[in-house]
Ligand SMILES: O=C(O)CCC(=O)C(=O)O
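The chain below stands alone and is given as structure tokens, in the form predicted alone.
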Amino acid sequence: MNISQSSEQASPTHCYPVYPLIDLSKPESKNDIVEACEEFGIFKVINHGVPVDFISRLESEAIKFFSLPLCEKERAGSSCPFGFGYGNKRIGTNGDVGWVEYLLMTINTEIGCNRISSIFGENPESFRSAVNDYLSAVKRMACQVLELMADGLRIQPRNVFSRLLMDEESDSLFRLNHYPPCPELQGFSDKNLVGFGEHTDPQIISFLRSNNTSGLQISLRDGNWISVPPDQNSFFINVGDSLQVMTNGRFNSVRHRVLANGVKSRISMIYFGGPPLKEKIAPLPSLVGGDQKSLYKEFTWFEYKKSAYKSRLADNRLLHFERIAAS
């Protein structure tokens, strides 16, 4: 595993970038993935197998959509319980805001197609095709990564994680984010504005790809924030809360945020790999035993998703599901 870093002096919000770089074509990638999830909760992958054409085509479609007049984009506004559709600055229903607009879709085919149709009228095929091609390739990569993860942990069956994404009732999501240039930041090199506030992802695992504009930051265990340089040809993969629970805390759900840019527009696309709503989430028996006790109560994904939806972005959502040691 390679660790990328520069020689800049660290500070609480501007630190040298440190993140694992993993080549999925290498035999040792399974061990590198485990090490990255334990130490950082995030890593970058190359040789991921997602065609460049799929990436560029979807980005082009996203730019077309976000370039529409606001009144047209708002036709895709959210009327669903978990916020599917178009959103602008308001993130969820609990007061979180950011310098961002986004399009959130469920991977469920029927609901997803209806939502896309409502956005693009009678001819949504170009956008639909771009989304489907991209997600098909990213889902294959996701399952490959999760199976390598299981190999690295030496647990069976090998599809213990990937089966949750492959399940026809998998509650996976896809979000396109657009962070427009922020006029308030122009001319200020030391001023920050939140594009998307600090949070962890509640799902199992997330696959992020962005254009060549900076903004993503991750929080290290010491509380320092470090900037992650953009790479439009690679994917950043981060551990979600559910995977932290399933590994009984061995893997860490990484806290991250996005800062707005004063000059350049940022487009990101994130696939959130989630389990079926009725799936029970708990530490895997093979990772609990001996002196190692279960750190979390068992819960269904629906219960956790509902709890997360009621929380603020920055809340520690897992706190309510931790086991409290008897005094």
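The structure displayed is predicted, hence computed values, not measured ones. Start at 1 with the first residue shown and count on from there.
Keep in mind that the form predicted together with the ligand is missing from the display, and what follows is about it.
Contact between Ser29 and the ligand in the predicted bound form is not found at the 4.5 Å heavy atom cutoff. Residue contact check for Phe299: none of its heavy atoms lie within 4.5 Å of the ligand in the predicted bound form. Shown alone here, His48 lies farther than 4.5 Å from the ligand in the predicted bound form, counting heavy atoms only. Mapping the unseen interface onto this chain, Arg175 counts among the residues with a heavy atom inside 4.5 Å of the ligand in the predicted bound form. Only one of 36-44, 269-277, 54-62, 286-294 lies within 4.5 Å of the ligand in the predicted bound form by heavy atoms, and it is 269-277. Proximity to the ligand in the predicted bound form, defined as a heavy atom within 4.5 Å, holds among Tyr86, Phe235, Phe251, Phe196 only for Phe196. Taking Ile107, Leu153, Leu208, Val228 one by one, only a single residue has any non-hydrogen atom within 4.5 Å of the ligand in the predicted bound form, and it is Leu208. Of the residues in 223-259, those that come within 4.5 Å of the ligand in the predicted bound form through at least one heavy atom are, in sequence order, His256, Val258.
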